[in-house]
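Just one chain follows, in the form predicted on its own, and it is written as C-alpha cells.
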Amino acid sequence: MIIQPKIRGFICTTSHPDGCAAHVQEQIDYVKSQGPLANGPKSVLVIGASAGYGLASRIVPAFGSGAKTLGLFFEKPGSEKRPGSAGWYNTAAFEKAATAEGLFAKSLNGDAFSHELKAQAIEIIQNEMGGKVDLVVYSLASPRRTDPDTGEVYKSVLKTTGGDYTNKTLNTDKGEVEEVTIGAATEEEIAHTIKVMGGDDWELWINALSEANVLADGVKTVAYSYIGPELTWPIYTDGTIGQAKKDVEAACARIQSKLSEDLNGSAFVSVNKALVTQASSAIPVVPLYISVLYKEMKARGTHEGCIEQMQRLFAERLYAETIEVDDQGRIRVDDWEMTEEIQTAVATAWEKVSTQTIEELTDFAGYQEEFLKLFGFGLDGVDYTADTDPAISPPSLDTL
C-alpha cells in the first residue's frame, strides 16, 4: 500500500509505518548520543506510552539505562486494507529496536482506565519483569473515560471556567490567523473533565501496584502537566484542562505521602514545554502560540522536542543527585520556554501576528513539519512512493 497523509482539521487520519519507525529511530539515536543515564531506572511502567512525551519517556530509560519497559496505550492496529494509528507503528518500531539490543519490551493495548488492564500489567511485572518496577510514568491522554466501577462514561471538554474568551488562533488547514471564541464550561463539564484528565486514575494505578507489591523500594512516579504564559491561561491553566491538572497535583501530594511512608518513594508532577502533539493540536490558541514560540526558541538555540525534554527530565531532574523543584514541588522542564527573554519576544510577536505576517513572525513551517512527523511523514530516508506493509505489529502484540 502507498500511504500518503490525509489531514482533517487537527488530525491526520493516516500514518506511515516506515516513517514512524524512522521517527522513533531518530529519538533512540539522540538518547544514545547523550551517553548512559547515570543511576537511571531499571524496570519501568509507562501508562500512555505510544506517542509524544509518553513514548519519549519509554525510549530514554530503555536506551539510556537499559531498562525493561512495559508500555500501555489504546491504539488501532493496521490491516492489509488500511493503516493503523501512529502510536501502533511507533510501538512496533520501539519494540523491534529494543529487542535487537536485548532489552525487555512488552506492551498492552486496551483501556488503561480499566481494572482488567491494571491486572494484566501487574501479572507481567510479577512474571516477566523481576516482580517490581522502580519507575511509573503516567502520560495518559484520552478524551473520555469509563469509570471502572460504575460504568459511567465521562467526556472532557476544552472550555474556559470564567466566561467566554476570545483571542487569536491558527487555522492550520488554511495557514491563516483567525479569531476564536471559547465558551465557558458548565459545572458538570468541569467535573467530567477532571474525571477524565485529573489524578484519579494515576492514584488508582499506584494503589493497585502497591497492593500487588510490585513497586520497588525507592520507586519514583511522575505525571505531566503544562502551565504556559498568561495568554493561554483562560483556555489552559484556568480552563477545564487546568482544573484537571490541579487535581493531578492534589493526587501527587497523596501519592507522595503514601510512597514516602511505605517505600521511601517519591511522586512528582513535571511541567513540560509546549510542543506539537496530537493533544496540543486540538487546543484553540495553542498552535499559534507554539508556532511563535518555536521561532523564538530556535533563534536562540534553546528549542527542544519531546525526546530532548525527557532526556533532560531524566538526566538532570528525576535521576540527579538533587531533584530541583519549584515552590509548589513541581519539576520544571519548561524553564527555557518561560524565560523572561523568550516570553517578552513571544508577547511582542503575538500583538503583530496576522495571516500576512505568519512567515515573518512564526515558525508555522516548523509546526507543520513536526505535526506530519507525528504520523510518520516527512522523514528523511523514507520513500513515500513505495509500497509499505500497513499490517505490521509490535512483536509482543502480533497476535492481535
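Please read these numbers as outputs of a predicted model, since none were measured by experiment. Start at 1 and count along the sequence shown; that's the residue number.
If you look for the form predicted together with a small molecule, you will not find it shown, but the lines that follow are about it.
Looking at residue 111, you'd find a heavy atom of it within 4.5 angstroms of the small molecule in the model of the complex. Although the partner is absent here, residue 233 sits far enough away that none of its heavy atoms falls within 4.5 Å of the small molecule in the model of the complex. Interface residue remark: residue 60 is not counted as part of the site for the small molecule in the model of the complex, having no heavy atom within 4.5 Å. For the chain shown alone, residue 375 is not a contact residue for the small molecule in the model of the complex, no non-hydrogen atom being within 4.5 angstroms. Shown here without its partner, the chain carries 133, 266 and 269, none of which come within 4.5 Å of the small molecule in the model of the complex through any heavy atom.
The contact with the small molecule in the model of the complex, taken as any heavy atom within 4.5 Å, belongs to 278 out of 169, 161, 278, 311. Only one of the listed residues (139, 221, 240, 107) places a non-hydrogen atom within 4.5 angstroms of the small molecule in the model of the complex, and that residue is 139. Stretch 224-232 is the contacting one of 252-260, 224-232, 317-325, 147-155, since its residues have non-hydrogen atoms within 4.5 Å of the small molecule in the model of the complex.
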